[in-house]
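Have a look below at one chain only, the form predicted alone, in structure tokens format.
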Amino acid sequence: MEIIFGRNKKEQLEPVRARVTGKIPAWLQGILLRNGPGMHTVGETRYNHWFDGLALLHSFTIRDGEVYYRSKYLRSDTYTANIEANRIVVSEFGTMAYPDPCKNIFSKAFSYLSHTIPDFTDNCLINIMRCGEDFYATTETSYIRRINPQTLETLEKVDFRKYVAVNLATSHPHYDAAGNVLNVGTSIVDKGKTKYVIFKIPAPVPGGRKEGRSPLKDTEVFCSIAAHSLLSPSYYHSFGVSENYIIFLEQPFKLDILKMATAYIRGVSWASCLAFHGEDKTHIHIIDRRTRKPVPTKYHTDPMVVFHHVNAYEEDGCLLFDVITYEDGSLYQLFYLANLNEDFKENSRLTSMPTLKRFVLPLHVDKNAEVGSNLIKLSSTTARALKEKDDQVYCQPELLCEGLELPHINYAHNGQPYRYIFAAGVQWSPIPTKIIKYDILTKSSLTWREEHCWPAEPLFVPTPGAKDEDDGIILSAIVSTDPQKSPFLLVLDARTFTELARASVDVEMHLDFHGLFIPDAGRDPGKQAPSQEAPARAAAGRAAPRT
């Protein structure tokens, strides 16, 4: 585990050519851009949690069968402050940083006061967001950082709060065919209310970037949902969309705002203020995209924790959505660096297994239906929705399979009926050991795995002009714990799951979180400006990032 989690990774600032074995499809041209934690110690100080590490961007530029690799730390304000001080001076979610011990008592008192309503980090280490012609490194605070996908250069810092009142926002936006971006954030005790804000970044105006106009300036509130608790809003990592609806899960994995406000002075991390409440239910909020209002029926299910939505669609008056669920919030605890040691295998058994579940909600409830009756009549699922009093519906999911995480689909089917999920497979731990193609229709799967190999999130790229859902390739960055085996980019045939090629590089590659593929970009590794065609193609839903 030390090889994967404990060591700071070196940057690879100049493109290095990979050794390609096999044959990369001639049509595959572009950049695979990825993001994740790469530095966990600064000077003599160390982050407590793996998710706190400083963001390290890396990319694979694919051109005419050749692959070039490079990596660079995100030059966030957080990175700069830490490196200049040679110690961790900016707090992360699992690590509270403190002022210089040489400061006087008045400086310390001011620091305590300023942390009452925390100004969160801009260490954007989770994902990459596309917004028109621009690309942003993202995290779960209100900050994002624009980057150059070719050079990995860090550009300006953007605060969502300038455009919409949110303190936190997901790293997993959705994209529609018109090029609009949908996302969800939390507005904490704003004007006496805590609410979940669904906001929309409209498609860019042609030539707007040249005129200095960013689509972010036209961000609008799409819909707001009042939190069930003013001072304990739900944690969430993603959300779902279908053609006509938005799905937001308010789960009993909650952030205690009062504890958070005093965390700094009490000497504890913000993560310690996050707790799972197994006695509470999970509220399922459905927003009609046409009216921008929640549907009147109140849906709920058992307590659970969901990090990743897979997909959602509508069928015969029902809304179906698939999610990866956990029984509680113990997964987050496992990734404290103190647990990522020689006892990791044993520690990981204390977490619940990720389970793929399908929920089915009736969009129109028969008022004459008996209380306790099942409102779902679809023959394709065993999921149930039981009518309760006062227009409430209790949802019982169908268990599809266990051991999947970091799900990805053919994004052309996002919000539409679909069949295949491409995901990382986990066994005795939440760290992936294989890549899986799961067939929802037949409940069967195909698998790629190799000894001592730890794959990143698999990303689907469709063949140009593809008609079949699985006509394309899978890309995954593979880290190896075998010192004799270099890390590599894996290229799989998405239909058969056979290996087409791998591109090995002699670098210190890190295990990342999420990213995207930018088609037709990077003709000259590290020098050319982003392709003007790529955002348009992504907006059409062919190669956008997946939650």
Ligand SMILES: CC1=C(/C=C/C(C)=C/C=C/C(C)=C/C=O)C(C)(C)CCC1
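This structure is a prediction, so every number in the text was calculated from the model and none was measured. When you see a residue number, it is the position in the sequence shown, counting from 1.
From this point on, the text means the form predicted together with the named molecule, which you will not see here.
You can rule out all but one of 357-365, 416-424, 85-93, 370-378: in the model of the complex, only 85-93 has residues with a heavy atom within 4.5 Å of the named molecule.
Here the marked residues Thr141, Leu168 and Trp270 all reach the named molecule in the model of the complex, each with a heavy atom within 4.5 angstroms. In the model of the complex, none of the heavy atoms of Lys200 sits within 4.5 Å of a heavy atom of the named molecule.
Not displayed here, the named molecule is kept clear of Tyr411 by more than 4.5 Å at the level of heavy atoms in the model of the complex. Although the partner is absent here, His237 is a contact residue: one of its heavy atoms lies within 4.5 angstroms of the named molecule in the model of the complex.
Remark: Ile474 does not count among the residues lining the named molecule in the model of the complex, judged by a heavy atom distance of 4.5 Å or less. Proximity to the named molecule in the model of the complex, taken as a non-hydrogen atom within 4.5 angstroms, holds for one residue of Met260, Ile284, Ala97, Ile324, which is Met260. Comment: the named molecule is not present in this chain, but in the model of the complex one of Leu404, Ile126, Leu319, Cys395 has a heavy atom within 4.5 Å of it, namely Ile126. Contacts to the named molecule in the model of the complex (heavy atom within 4.5 Å) from stretch 374-392: none.
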